[in-house]
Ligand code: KIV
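Before any questions on how it binds or moves, here is one chain, the form predicted alone, in structure tokens.
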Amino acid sequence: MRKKSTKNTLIEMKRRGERIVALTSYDYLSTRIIDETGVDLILVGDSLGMVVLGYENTLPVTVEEIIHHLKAVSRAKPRAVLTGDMPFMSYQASVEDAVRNAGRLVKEGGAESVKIEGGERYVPVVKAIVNASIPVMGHLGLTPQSLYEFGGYKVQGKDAESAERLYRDALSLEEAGCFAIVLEGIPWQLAERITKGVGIPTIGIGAGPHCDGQVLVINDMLGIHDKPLPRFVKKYEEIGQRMKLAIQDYVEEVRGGVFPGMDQSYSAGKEKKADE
């Protein structure tokens, strides 16, 4: 049986040069399936706002909604490290809010670590959460909670000044106690520099092939979506289309009187089926 992974497992994987595989999950059964594949880290991301709850972006997601989905995911008892996103305004207002909300994700939701977006200005927040014995994963680059500040979903760190700022942010997050950093939507050259410059794992999403690991939103990689996908997404399946075709078959069979047939019907007679 595969051993339970921890933040230290991921750090050791970087030291050995082993690639880390991360994926989002939002429910119990998906988590069971994901964990059986040997994924190293499962993220209950605030992306659930867009792919599960139908919001336009991640900003409306609440702490309660993250906790709700964390509870479902944690019930699957994954061997992967379980990380919960700190949603917008759960840590920006004060350090006290940040520690309290991080504690709720762990205590009520079952998270084993939390993820926050932002660089050097959130060092006090990271330190306080880590001091509360809660592991923290950082998130730099295209941080979706800064959507309005960036003026849209735009690649970050393309010029020398912003690239240097992101590099310094990564060093600051490592020093503050982060056990890993997500790098999203940045040039691969910058991601490679950060990966080589820090001693903790980098997890890329739209950051090229040189990060220590990769993460994708499960709905995106399975083709369950209703919006155009970013360039960095690779679709490994078209589950959404297959679902639609299966449901169309069901609709036609019900309307045509084909389903249910006798094989799906119970009998009052002596002959019984296995589930009667």
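The numbering used is simple: start at 1 and walk along the sequence shown. Here the structure is a predicted model, which is why all the values come from computation and not from measurement.
Below, we refer to the form predicted in complex with the ligand, which is not included among the displayed structures.
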Partner absent here, but in the predicted complex, which of 42 to 50, 29 to 37, 243 to 251, 223 to 231 has residues with a heavy atom within 4.5 Å of the ligand? 42 to 50
Give me the residue from Val63, Cys211, Val217, Leu70 that has a heavy atom within 4.5 Å of the ligand in the predicted complex. Val217
Considering Val125, Ala76, Val81, Val182, which brings a non-hydrogen atom within 4.5 Å of the ligand in the predicted complex? Val182
With the cut-off set at 4.5 Å between non-hydrogen atoms, does Ile205 touch the ligand in the predicted complex? yes
Residues in 101 to 139 close to the ligand in the predicted complex, defined by a heavy atom within 4.5 Å, in order: Lys115, His139
